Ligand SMILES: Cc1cc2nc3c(=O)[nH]c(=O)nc-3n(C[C@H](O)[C@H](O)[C@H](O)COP(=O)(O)OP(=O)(O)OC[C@H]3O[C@@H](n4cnc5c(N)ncnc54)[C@H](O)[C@@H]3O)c2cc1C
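As structure tokens, one chain now follows by itself in the form predicted alone.
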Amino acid sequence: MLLNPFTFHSPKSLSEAIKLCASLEDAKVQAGGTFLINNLKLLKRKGSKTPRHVISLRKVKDLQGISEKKDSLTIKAMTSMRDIIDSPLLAGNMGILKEIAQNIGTCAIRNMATVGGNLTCRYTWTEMPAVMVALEADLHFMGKDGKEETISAEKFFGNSAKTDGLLTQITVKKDPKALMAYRRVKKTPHVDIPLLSLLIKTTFEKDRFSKTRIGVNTGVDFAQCDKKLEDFLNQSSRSANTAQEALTRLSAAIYDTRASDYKKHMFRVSLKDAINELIGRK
């Protein structure tokens, strides 16, 4: 048997899911299932304890879909990568989310994997955390007591992605003037998980960087901003030398801690390339 026995629960509403989370001991929540099932197999092979209950959110319609207001975009936690790729609401610079989702796994994985699962699985290498940090997204959770809590993506991952609540949705403020550049380096030609990923978001005011946000995912630590590099770019102009000089203004601890020379090099190549892309765009 590949898995230890467990009781499978399939609630059809958010309220039912919250009640199950509150009433069941030793339970795990399943979003798309692409992380959890493999993790349960691994725990069994190691002889470790596995949960007695699995709560699947697959049938909870309250947690699916994308909507927009004039100044914000809302993505429900159980929205799949396929839904993101196909959504007509992700237009303009928000189309960057389609590019990122398209890079995640295979077609079969994208059909199952969800935004909420990617953000809350607590694997440090997943794509969406750095993206949501750079986009200054807010994550909305509902606790077992039914109370709602909103926390910024930056603060959530700064706390090692720990929560007792259930992620219900993500909101992103729209800024049509912002330019974005995304970079991802996969681990090996045969292992399509990211060795690193980053998103730079900025605007230009009279050819000067402004409101720059740089979300970085090293694959070792949880996603974070490079504040030092952000400050440098926000004092810089759109010039041919900016990207090269930026490489001397990095928060070295983000990129160099427990990183191989190759990984350090690829971060710098990716950052320089992304900055040059932004400089070259109008």
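One rule holds for the numbers: they count along the sequence shown, beginning at 1. What you see is a predicted model; the values in this text were computed from it and never measured.
The form predicted together with the named molecule exists for this protein as well; it is not shown, and the discussion that follows is about that form.
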**OP:** Find the only residue in Asp192, Glu136, Glu149, Asp175 having a heavy atom within 4.5 Å of the named molecule in the predicted bound form.
**Re:** Asp192
Original post:
From the list Leu196, Leu166, Ile84, Met94, which entry has a heavy atom within 4.5 Å of the named molecule in the predicted bound form?
Top reply: Leu166
Subject >> the named molecule contact at Gln224 in the predicted bound form, heavy atom, 4.5 Å >> reply: no
**OP:** Examine Phe204 and determine whether its closest non-hydrogen atom to the named molecule in the predicted bound form is within 4.5 angstroms.
**Re:** no
**OP:** Tell me, yes or no, whether Thr218 is in contact with the named molecule in the predicted bound form, where a contact means a heavy atom of each within 4.5 Å.
**Re:** no
Original post:
Is there a non-hydrogen atom of Phe35 within 4.5 angstroms of a non-hydrogen atom of the named molecule in the predicted bound form?
Top reply: yes
Original post:
Would you say all of Arg208, Ser270 and Glu277 touch the named molecule in the predicted bound form, counting a heavy atom within 4.5 Å as a touch?
Top reply: no
Subject >> Answer range among 106-114, 208-216, 85-93, 67-75 for contact with the named molecule, defined in the predicted bound form as heavy atoms within 4.5 Å >> reply: 106-114
Original post:
Is any part of 44-63 within 4.5 angstroms of the named molecule in the predicted bound form by a non-hydrogen atom, and which residues would that be?
Top reply: Leu57
